[in-house]
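There is one chain below, alone, in structure tokens, taken in the form predicted alone.
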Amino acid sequence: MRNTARALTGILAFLALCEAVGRSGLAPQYYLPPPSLVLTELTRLLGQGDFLLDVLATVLSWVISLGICALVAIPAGLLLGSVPLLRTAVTALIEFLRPVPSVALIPLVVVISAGSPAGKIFLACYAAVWPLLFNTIYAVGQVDEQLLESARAFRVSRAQRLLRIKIPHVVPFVFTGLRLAASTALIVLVSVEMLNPSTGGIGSFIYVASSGAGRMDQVLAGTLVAGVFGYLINAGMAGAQRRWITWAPAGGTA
């Protein structure tokens, strides 16, 4: 409760500072509207169907992206972490693909997907799969071999070793990787939507609002929605991790 109060105090102080700067005339309100105007515009936008459809488009794309990412990265990470020979064979390919920025692939994906939402979903998956994949591989490699040897000595079955030793050890790392993947997917989605507005979404709304005459109050309102959504994602997953994974502290590797 005390941490929540401190966080709210910090947010309110920041908003008050922005309001004072916006009202002081140090910067034209056209370029830097005060938070009160942004929140007023956001309230109006939340009553418009087109804006809500853009928000829904981003949320649905994020859910699909994260789901595909989990379906690909977790099994692949478990396999690569369990089979050193296979991991050695594909390490060079993974290290070649991982540094490639997802936004660099936008022109190619736009041509292939013809501007459909499938393109931004693919790019979000491509960017988000790496933290989850590497966390899973790392988790499997960090399982205590002495525990496994002791379990074998007591003739614990393979299935029981998996359920009682490997999975409890791996889950915290996988969950941390999933949190990183969730944030990465959202960042990439909004970025791609801004660079390719035909796909719709919050990023598309921000791009259109900044075009032509330019409405910085709408730009900041859209940015605020994306920021709040990202905060809720991270806070929700962190809370679920503390609530459900009580046998180990949050762990992981980037």
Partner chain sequence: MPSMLEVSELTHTYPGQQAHTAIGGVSFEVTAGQLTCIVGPSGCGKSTLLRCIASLVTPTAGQVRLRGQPVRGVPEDLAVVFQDYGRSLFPWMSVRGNVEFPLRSRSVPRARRRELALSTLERVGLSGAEDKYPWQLSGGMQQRVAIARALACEPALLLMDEPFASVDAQTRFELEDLLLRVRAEQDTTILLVTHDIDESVYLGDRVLVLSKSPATVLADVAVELGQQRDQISTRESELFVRLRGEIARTLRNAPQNRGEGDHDEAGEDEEPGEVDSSGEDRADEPALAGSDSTGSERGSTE
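Computed from a predicted model, the values in this text were never measured in an experiment. Positions refer to the first chain, counted from 1.
Just so it is clear, the following notes concern the form predicted in complex with its partner chain, a form of the same protein that is not shown.
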**Message:** T246 versus its partner chain, in the predicted complex: is there a non-hydrogen atom within 4.5 Å?
**Reply:** yes
**Request:** Indicate whether G115 is a 4.5 Å heavy atom neighbour of its partner chain in the predicted complex.
**Result:** no
**Message:** I74 versus its partner chain, in the predicted complex: is there a non-hydrogen atom within 4.5 Å?
**Reply:** no
**Item:** R179 within 4.5 Å of its partner chain in the predicted complex, heavy atoms
**Value:** no
**Request:** Just give me the single entry in V143, L86, I106, L78 that has a non-hydrogen atom within 4.5 angstroms of its partner chain in the predicted complex.
**Result:** V143
**Prompt:** Of the listed stretches (179 to 187, 118 to 126, 135 to 143, 96 to 104), which one has a non-hydrogen atom within 4.5 Å of its partner chain in the predicted complex?
**Reply:** 135 to 143
**Item:** Residues of 139 to 156 having any heavy atom within 4.5 Å of its partner chain in the predicted complex, listed in sequence order
**Value:** G141, V143, D144, E145, Q146, L147, L148, E149, S150, A151, R152, A153, F154, R155, V156
